[in-house]
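The chain that follows stands alone, in the form predicted alone, written as structure tokens.
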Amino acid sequence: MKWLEVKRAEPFEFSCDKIASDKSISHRCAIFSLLSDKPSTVRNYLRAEDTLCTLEIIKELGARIEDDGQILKIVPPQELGEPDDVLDCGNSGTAMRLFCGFLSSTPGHFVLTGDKYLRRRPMRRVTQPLVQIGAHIDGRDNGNFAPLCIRGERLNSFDYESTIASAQVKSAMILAALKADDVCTYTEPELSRDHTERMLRGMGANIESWDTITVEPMTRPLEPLDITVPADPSSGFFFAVAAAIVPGSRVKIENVTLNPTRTEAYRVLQKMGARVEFEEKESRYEPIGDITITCDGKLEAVEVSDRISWLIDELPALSIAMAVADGESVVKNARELRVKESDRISCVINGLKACGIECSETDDGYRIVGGDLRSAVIESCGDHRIAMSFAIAGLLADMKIKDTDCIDTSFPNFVELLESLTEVRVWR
């Protein structure tokens, strides 16, 4: 088991073009390449444990991958084949949920599994809607926990209204719809992150997104991807919070996706009083540019209750900013935090209480009264975002975080970048 110790930092200026590549887009690049009959070219693919597992899965399905260390060339098979072994998603709920949708409409038998943490994560939120439209999926607790067994076949068209806003559920349903026998529609209560729609439209899929998403089935293979994966704003956000909480500091995150469904957490920081500037440089599949964050003074408390699906992954890090802001901050409508890599509501609150912060959890969020962080030993709960969030808290008060191997699953060079800001020690 790996431990991470982070020492208090002095004010810093930090400009970085080495933030981890976007994990969500990397997973999608690998999976979506199978929808074409021509080779896809992917630059800056994330070389982390989870995304490498996704590459291994598409190889098991018949894809051939040429990799020179910088550029991936993914050559799809003429026909997807049944693998002779289970498909290991590692720690990635994104991979498991997207593959559920993709394989549900792919003829054959498939078994999806993952590490001990992923096998504990509930999957009914995606398996249930897929089963309701005719997919054949089973697993422990009636398809709620992996391993998940899928008997794929062409699905009938559907009109589905979701009760939750989830990019993973939506993406799974869109992937199933692409191989259905007629036009499908999908409605969610609010727009969730829209990488899937943007990327598939860029490949030539007929997808319309208004209040309802309309998907026409593929009549021929899609065009291949030719994409440079941008930096991950969710990963960059840890360093945005670092700049916002350490007085006199400034961080510039370069070549990051500026998709508005991915930058909401930065706008919350802006609302709290940090200076946040966006500079767009290009736009093809995604708008890409730089984000600069400067600490101009004390942060103010904030309520976060809208567009939760746009910042669900950043809430643990945002809680660190709330912990030092003036006043009481409130997070509502974030029940989905309880079904992430850990119960992030409980893990955040337990960690903040260990740091001497007055806070309490609710069913769908938490309340945090800003104060002074004190040094603590933190349980990561095997969750990379909990581990990295409290590592950033260490910039204000020395922190020791337990069980940090999980960081490698999503942000392999996080510790290296953190060492640019302060003294860091890693040990087992």
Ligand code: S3P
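Start at 1 and count along the sequence shown; that's the residue number. From a predicted model like this one, the values you see are computed outputs, not experimental measurements.
The discussion below concerns the form predicted together with ligand S3P, not included here.
When contacts are judged by a 4.5 Å heavy atom cut-off, R307 does not count as touching ligand S3P in the predicted bound form. Contact annotation for R125: at least one heavy atom lies within 4.5 Å of ligand S3P in the predicted bound form. Interface residue remark: I312 is counted as part of the site for ligand S3P in the predicted bound form, having a heavy atom within 4.5 Å. The shortest heavy atom separation between D290 and ligand S3P in the predicted bound form exceeds 4.5 Å.
Of the candidate stretches 295-303, 220-228, 348-356, 165-173, only 165-173 has residues with heavy atoms within 4.5 Å of ligand S3P in the predicted bound form. Contact with ligand S3P in the predicted bound form, judged by any heavy atom within 4.5 Å, is made by just one of D115, E254, E336, E197: E336. In terms of contact with ligand S3P in the predicted bound form, the residue from R119, R201, R250, K340 that brings a heavy atom within 4.5 Å is K340. Each of S24, T94 and R193 places at least one heavy atom within 4.5 Å of ligand S3P in the predicted bound form. Within 4.5 angstroms of ligand S3P in the predicted bound form, the stretch 350-367 places no non-hydrogen atom at all.
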